[in-house]
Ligand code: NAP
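So this first bit is one chain, no partners, the form predicted on its own, shown in structure tokens.
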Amino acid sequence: MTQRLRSYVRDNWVDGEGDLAQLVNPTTEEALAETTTAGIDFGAALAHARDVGGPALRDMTFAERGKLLQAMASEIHKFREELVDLAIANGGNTRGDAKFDIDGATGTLHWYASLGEKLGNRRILVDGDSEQLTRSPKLVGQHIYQPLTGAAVFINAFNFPAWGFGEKAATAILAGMPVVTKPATSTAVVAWRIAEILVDACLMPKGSLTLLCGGAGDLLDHLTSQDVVAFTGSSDTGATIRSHASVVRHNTRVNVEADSLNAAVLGADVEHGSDTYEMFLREVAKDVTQKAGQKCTAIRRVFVPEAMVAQVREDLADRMREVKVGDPNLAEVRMGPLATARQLKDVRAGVDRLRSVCEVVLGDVDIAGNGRGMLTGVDNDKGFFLSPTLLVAPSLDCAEVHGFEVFGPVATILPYSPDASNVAGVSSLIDAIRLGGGGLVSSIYTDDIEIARAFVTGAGPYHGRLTIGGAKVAEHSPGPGAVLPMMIHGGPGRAGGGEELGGLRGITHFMQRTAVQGYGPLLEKLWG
């Protein structure tokens, strides 16, 4: 039976009106759920969040908000296996990929809960030390953070319905802002069920949680200067949000996490068979195929010294070939289908574009094969499947590879020549990485400090995060695709120009920094 997904608005579950959007199982293409937000008063929903949820959260201390986050994480975890099953059915996730999403959500909520405990029984966040403003030490200035009085509006992507909600909710709620979340419609079942779990447990203060299952409608029309929009998705949609009339008129804060041509670099010092080389192969193969490559942090460009290209293409193709693709319900399957028919169409078009200029090393991309490859547990032509695909570019500056992102299990090897005149040998490599226009994360695998230094100083301004893999951390690294709550998630340029998480930094996106000037002892008493 098809599940009807309702929205949670003004502390009530409500049905939308009119035509319903259909959600399908991407493995079988069978109808799974239906939903719509048509007829819902978005202006009233936002007003309720601001007027009821906002005061309730702002009245709580950081420690109390932390306890709320802890309770949310614990309650969601109770239903972990049910949520895993829903992620398999609605997202095409394997069990491992589903756990990656759901545990990412609860793990982030747990981490920010502990931060709330550390911040203690305060409602104001002090930023740095006070400054003496005149010759007299009596007059000082102090920067502080306080929560904005609007709503935190989340517009999330289809690929991480649990984690996308959890990472944004953790920071906003700890800051003291109510949440209005709109998951991507195509994979909304997990986010809807999480909201249902939290509502049923009576954890959330009135007005602090709003769920919109369906289209965004005129939601943006009702934004004010005290609201915050946090968006994850395409750079085109991010630009549309930023240029919306209400956003421009009110200077509404918009935080965007968008496209990213993430890179992995094999350092010229790395020898075949070394621990660092094996780490490189393992992490690249995992990042390309995890969640069927539908991760904003997935590796798209693989930079390899020219002398190593033949070896790497063979070894990496072997690793990727070992990944069984098929029915994600099966334990032996390590990669399921793409999430939607539209995603499959777009990825196939992207592969066609790349193969017009690049050599295909791995991937059933001919017209007859239709890109599906050999599937496990799938005995028909149903499902949005695409086999892992590896290509090799003809040159380091291949415009097609640097020009657009194929959001699926697809990566391209690019050969680079270590510069003999440069001790680090990465000058031309850095220029090529920059052609991506800004990224969320890029990685280098090296045990040479000069190569690592050149990479960090050259690539750093173009990325929100860099990782350095090497023999000393080979057994400890979660891989560059893991988004950790204590580190920034975001990046400049093409990646959206925004930031999420980053420890304490994450909550300040939902707060106003204010400079307060006055008598020093008085100011100290104001915030303890």
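This is a predicted model, so every value here is computed, not measured. A residue's number is simply how far along the shown sequence it sits, counting from 1.
Keep in mind the form predicted together with this ligand is missing from the figure; the text below concerns it.
Three-residue candidate spot 71, 74 and 171; no residue lies within 4.5 angstroms of this ligand in the predicted complex by any non-hydrogen atom.
Partner contacts here mean any heavy atom within 4.5 Å of this ligand in the predicted complex, and among 179-187, 349-357, 307-315, 245-253 they occur only in 179-187.
Put simply, residue 417 is far from this ligand in the predicted complex: not one heavy atom of it is within 4.5 Å.
In the predicted complex, this ligand lies farther than 4.5 Å from every heavy atom of residue 227.
Within 4.5 Å of some heavy atom of this ligand in the predicted complex lies at least one heavy atom of residue 407. Contact check for residue 237: a non-hydrogen atom falls within 4.5 Å of this ligand in the predicted complex.
The single contact residue among 216, 199, 430, 281, judged by any heavy atom lying within 4.5 Å of this ligand in the predicted complex, is 216. For the candidate set 241, 285, 84, 452, a heavy atom within 4.5 Å of this ligand in the predicted complex is found for exactly one residue, namely 241. Heavy atoms closer than or equal to 4.5 Å to this ligand in the predicted complex belong, across 154-183, to the residues 155, 156, 157, 158, 159, 182, 183, ordered by sequence position.
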